[in-house]
Structures are given as structure tokens and as C-alpha cells.
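As a starting point, one isolated chain is supplied in C-alpha cells, in the form predicted alone.
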């Protein structure tokens, strides 16, 4: 069984999801539940911190795709920060940098929320 967890914290008006472990088909439902919690609480400015994310599969990436349009329609966004190089390579291989703001640091990603939306 793979290990995965999602931690929640807030900075200003941005909800931060701290991912830890391996995000795959067995654990994607946990990320989905975390994003749904943000929806229920009307938190549409979400930053996913991947500094402790060791692995992501296509099932994990699919969770991001399932929610991004609604978050943007609600005036928010899902931004991604601090990915380890091997995890970033998976995002990059599938073209995610063209669809999502993926920043090297959490600070830079938070700053992007204050710039003009895509």
C-alpha cells in the first residue's frame, strides 16, 4: 500500500494543500476529497505544494484536470509549486505547464494569484 496524505493550511486568501508520498490510482481519491472540501468551503484559490510528493501517476494528474475549469469559472485557480524534478517531469511530459501555473517555490505561486488570471 502506498503512502499519501494531504495537509491543509491557509496563507492570506489562498488554501494550500501539502501533498506527501505517492499519488496514484489507489490514493487519488484522497486528493479528490481534499479538493472537494475546498469547493464546499468556497475556497477556489488553491495552491498545491508538491515538495514532499515523491510520485504521481496519470490518475493523480486526472484529479487536477477534473477541477481546474470549475475553479477558474469561480474566479479562482489551482496552482502547483515546489515539485521534485522527477515529479515535475511527469507534469511536463503530459503538457501540464501549458495548462497550469507550476512554480519553483510556494512564494512565487502565491504571488501569481495576484497577477492577471489566464
Partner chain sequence: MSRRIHTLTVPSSTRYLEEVRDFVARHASDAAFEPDAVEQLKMAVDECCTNVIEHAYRGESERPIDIAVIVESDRLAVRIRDEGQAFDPSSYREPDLVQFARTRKSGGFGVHIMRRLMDEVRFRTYGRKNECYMVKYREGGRA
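Numbering follows the first chain given and starts at 1. From a predicted model like this one, the values you see are computed outputs, not experimental measurements.
Another form exists, predicted together with its partner chain; not displayed. Remarks below refer to it.
Not one of 8, 29 and 44 comes within 4.5 Å of its partner chain in the predicted complex, counting any heavy atom. The shortest heavy atom separation between residue 56 and its partner chain in the predicted complex is within 4.5 Å. In the predicted complex, residue 95 approaches its partner chain with a heavy atom inside 4.5 Å. Taking the partner from the other structure, its partner chain in the predicted complex has a heavy atom within 4.5 Å of a heavy atom of residue 65. For residue 36, no non-hydrogen atom is located within 4.5 Å of its partner chain in the predicted complex, even though that partner is not displayed. Taking a 4.5 Å heavy atom cutoff to its partner chain in the predicted complex, the contacting residues in 17-51 are 22, 24, 25, 26.
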